[in-house]
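A single chain comes next, written as structure tokens; it is the form predicted alone.
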């Protein structure tokens, strides 16, 4: 009898499992065949905007017909991770929805844009995922319409968000593809639009429209940049320095830090071989942070020894648009107990002038911190005197192309003299780069420049040997006051 009951119970359990499995199978089949009008299937759960499924549903018939010219815009919100950090994900999602609404509002007057939904308010933007959105539009014979629209969105939609009393800025970047020119499947078009978006972000001023050469161009760059990021943590990078001296007293005033990369395949690479690429591709900031940490560590040693020598570090215009740049630099200085006046940050003239409005408030914060600022390669760009007066810089470095052979050419001397006079009229210190001959140093003194650096004084050497080099320099130049 007990055996019969046991078998009966076992049969009930087996039947229950079979029924549960059947229900799960039916539910899975229902999910797989869910109709397109199911709201949760066709909408992003965070913002409520149409999602990629709905875009696919609307666009596929247009692509399959093979008639008409269309454009796809992919939009990405930059710097939104700062909003997440300050607000937390739930509140940040509300902000994300607000930004999506701003993008949608900016499209309200564009009749070429596909309307995905038309309930209380026409919805023209698709939320792909995360901080990525898409817009589909008719192009006709005017492919440039998409570029104009993308530029309008990038320029007019972003507005600073006031969070906890601080303004958080974000940007929107875009990538554009045309159908059927660049593909006849949505997945292919999206991939190419993302390629265009990355290129647009890295080159900053380049067109946002996809070009087939981007595919090969990007793969080699990505490989090298991946190697560079690995190099930061694997002792492949090294820092050299070159001194800057007072041309009269021979006192060492500062040293400029120069980065080198011991590439495992290409050998020792000079900065020009990889820094422009790192800046173009948006990976310059972690590299700059590494250099600053090394430089500040040595600066702390110098200050404890009583040396008044500054250390100058080159930074990118992209570094100073990082929201956390000033705070992280301040933290590094405080942790090392370093006087900020001992650090000089050098920015390239052409890069700075290209976005002076963005750079100015960050530079002012750096000056308030006590850090000094220099304009590098002065004379090679197209600086506006009005802009220069407003920038909180203390020093300009005259590029070596104006210095080499200075004593042999009166016309070159006249140009260099004019550059020096302009800088002095702006009450800026003037430093000459690339001094290799004593006659050049003497000519510079006659032109009114009293600071310089170059092979005449020292070739670059390892940063780790700076304190020993200073001791030797001071012993061999007894007339120079101790640095």
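As the structure is a prediction and not an experimental result, all values here were calculated from the model. Positions refer to the first chain, counted from 1.
This protein has a second form, the form predicted together with a small molecule, left out of what is shown; the following refers to that one.
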### Query
Heavy atoms within 4.5 Å of the small molecule in the model of the complex: which of the stretches 259-267, 226-234, 144-152, 67-75 has them?
259-267
### Query
Would the small molecule in the model of the complex be within 4.5 angstroms of a non-hydrogen atom of every residue among 94, 160 and 171?
no
### Query
What is the one choice in 275, 323, 123, 253 with a heavy atom within 4.5 Å of the small molecule in the model of the complex?
275
### Query
Can you pick the one in 291, 103, 283, 139 that has a heavy atom within 4.5 Å of the small molecule in the model of the complex?
291
### Query
Would residue 50 count as touching the small molecule in the model of the complex under a 4.5 Å heavy atom rule?
no
### Query
Heavy atom to heavy atom, is residue 346 within 4.5 Å of the small molecule in the model of the complex?
yes
### Query
Is residue 435 one of the residues lying within 4.5 Å of the small molecule in the model of the complex, judged by heavy atom distances?
yes
#### Entry: is_contact(residue 271, the small molecule) in the model of the complex, heavy atom dist at most 4.5 Å
yes
